[in-house]
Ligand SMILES: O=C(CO)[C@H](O)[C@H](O)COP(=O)(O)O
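Next comes just one chain, in structure tokens: the form predicted alone.
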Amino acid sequence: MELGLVGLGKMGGNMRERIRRGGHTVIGYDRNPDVADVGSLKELVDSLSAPRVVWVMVPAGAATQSTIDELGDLLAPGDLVVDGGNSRWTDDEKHAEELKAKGIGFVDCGVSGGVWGLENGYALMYGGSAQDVAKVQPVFDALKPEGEFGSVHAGKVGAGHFAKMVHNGIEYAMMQSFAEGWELLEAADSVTDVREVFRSWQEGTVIRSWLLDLAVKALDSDEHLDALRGYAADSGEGRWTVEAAIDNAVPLPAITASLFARFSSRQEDSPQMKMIAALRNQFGGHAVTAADKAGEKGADSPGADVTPPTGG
């Protein structure tokens, strides 16, 4: 099938390549002309045969809203927009209603896989009507990992991003547990090789996981994480998860505590946050702050704005 893809950053660019490897035609647009196939959204829409499917992979919030607004003016009844960024599920409901008024379908899709998705596949959680999902199902099948699992039609519009939000909240808590355990092992005089303790857990233990594998990979690169500053940003989805828990009266003590731990990293150089930062860099290519640049306010430094989430 043909697909228009808007946003060719760390995830979007790799997704374009994986979809093409699946035998589909992808026409990509990005504000960076060096990676774009066309020069504008209008040119992208004009290059597609009707009924068109356009996948949006840009930061949540204003960037997604402006892109969907422009697509709403360019597309025709029967076309479909997929939001594959990390938008808040309540925005999905708004976007679906706006596009429905113009006869345009809408599907939201939470995407997980980070910088490893090109080779391993992307876990997909999508929401929308069965009719709209069917229009983009071949692309979902090309993006997902090999095997039986890795994608799900989670429910109606908003369900995909809600599921991805909860996924990221769980991710917060899992990373925090590894980070706390690592710091405690580092602090114990009796433990002389923390990295090898972590490595030993990769087989036969109940906590073996991809995150554990990535922690070992990070420790192989920097055994005591001395090159990293103990600072970890939060993408916004952890906050949304806690807010949703409050709205639904669901207790989330571990996820909430892991979010607050991120905040504590902005007050002092936290050893636990060195591991969190290392893990985020390993699975998602997220920026890290070098230990010798602690005083600078870069993209992931205290005082910098939180970047709206895309995929991860």
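None of these values were measured; they are calculated from a predicted model. Note that residue numbering begins at 1 and tracks the sequence as displayed.
Below, we turn to the form predicted in complex with this ligand, even though it does not appear here.
Participant: Although this ligand is absent from this view, report whether residue 280 comes within 4.5 Å of it in the model of the complex, heavy atoms only.
Facilitator: Answer no; every heavy atom of residue 280 is more than 4.5 Å from this ligand in the model of the complex.
Participant: Is residue 262 one of the residues lying within 4.5 Å of this ligand in the model of the complex, judged by heavy atom distances?
Facilitator: Within the cut-off, so yes.
Participant: Using heavy atoms and a 4.5 Å limit, would one call residue 231 a contact residue for this ligand in the model of the complex?
Facilitator: Taking the distances in the model of the complex, the answer for residue 231 is no, it never comes within 4.5 Å of this ligand.
Participant: Is there a non-hydrogen atom of residue 236 within 4.5 angstroms of a non-hydrogen atom of this ligand in the model of the complex?
Facilitator: Residue 236: contacts this ligand in the model of the complex.
Participant: Which pick from 89, 240, 198, 172 sits with a heavy atom within 4.5 Å of this ligand in the model of the complex?
Facilitator: Checked against the cut-off, the match is 172.
Participant: Given that the partner is absent here, state which listed stretch (199 to 207, 161 to 169, 222 to 230, 75 to 83) has heavy atoms within 4.5 Å of this ligand in the model of the complex.
Facilitator: Going by heavy atoms within 4.5 Å, the stretch is 161 to 169.
Participant: Check each residue of 12 to 26 against this ligand in the model of the complex and list those with a heavy atom within 4.5 Å, in sequence order.
Facilitator: Nothing in this stretch is in contact.
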